[in-house]
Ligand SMILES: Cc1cc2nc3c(=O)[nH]c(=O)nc-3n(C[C@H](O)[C@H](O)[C@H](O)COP(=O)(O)OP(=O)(O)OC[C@H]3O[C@@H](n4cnc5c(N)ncnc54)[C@H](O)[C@@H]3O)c2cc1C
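The form predicted alone is given below as one chain in structure tokens.
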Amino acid sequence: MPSNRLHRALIVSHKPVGRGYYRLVLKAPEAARSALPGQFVMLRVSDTLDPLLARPFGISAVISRSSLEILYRVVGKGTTMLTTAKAGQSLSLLGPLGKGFPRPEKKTVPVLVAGGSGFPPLHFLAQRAGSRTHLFLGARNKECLPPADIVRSFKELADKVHIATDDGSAGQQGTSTDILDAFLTKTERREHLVLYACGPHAMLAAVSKIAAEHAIPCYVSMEERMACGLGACMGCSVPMKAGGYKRACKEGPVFDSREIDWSEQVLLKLKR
């Protein structure tokens, strides 16, 4: 069973990988052994009370079942402070937390769709799913794509990596959902396909719509602001079609896309 214990994680390596991203490897054997693709950890970026709250990070890989890999982009004070942490130091880590992606069955062909900086959980899923995976990556332009080392790693893990950029500067011109829809339309046998997506809400809503049109199961990892990671603060609420809300940190971050009220999700996003 996943462990949500507090761990003291040793930094094995911590290096920039380009385009504002860093690769952080933490030795935390108990957490690594129980981690599942789609789960996350709450990491304190310093040993002081500044910043007061830990930060959520998706798990991008498990290395030798003893270490967790985290790929993160510098976006604010917390991640800027984290960039100064050195190998040999230790950080406080809570997790793994949340509900991950359903494990693909042997006959399943996983189709992964990543937008923005939503690729780390899908990298972990690709690591576990094997070479039959298809990955769709989308960005505004080639400079906004994941770093070259990460794309190369995806190509080593997956059967095929499909790339789209809005301006056509890399891969096909268009969005990841454009080329996803085209791929599904021309695929004759879709009964073994399952979609897994992580990225901006608008992209996830589009993937959900495409999945419904093609009658394909779809699971999405919701990127929400999290304060506690334990379900106490209700700050990461996701509106449900059946009414009410579920917490991304507790009942998610992975949900069956059919559960989510996407119209309400967009409104909720605009209010924040």
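Quick caveat: nothing in here was measured; it's all calculated off a predicted structure. So that there is no doubt, residue numbering starts at 1 and follows the sequence shown.
Quick note: we don't show the form predicted in complex with the named molecule, though the next part is all about it.
- Checked against the named molecule in the predicted bound form, the candidates R190, R128, K142, R73 yield a single residue with a heavy atom inside 4.5 Å, and that residue is R73.
- Checking P200, G174, G78, P147 for any heavy atom within 4.5 Å of the named molecule in the predicted bound form turns up a single hit: G78.
- The closest non-hydrogen atom of K241 lies beyond 4.5 Å of the named molecule in the predicted bound form.
- Contact check for S153: every heavy atom lies farther than 4.5 Å from the named molecule in the predicted bound form.
- Using a 4.5 Å cutoff between non-hydrogen atoms, V62 does not count as a contact of the named molecule in the predicted bound form.
- Under a 4.5 angstroms non-hydrogen atom cutoff, the named molecule in the predicted bound form has F57 among its neighbouring residues.
- Judged by heavy atoms within 4.5 Å of the named molecule in the predicted bound form, the contact stretch among the candidates 103 to 111, 177 to 185, 158 to 166, 116 to 124 is 116 to 124.
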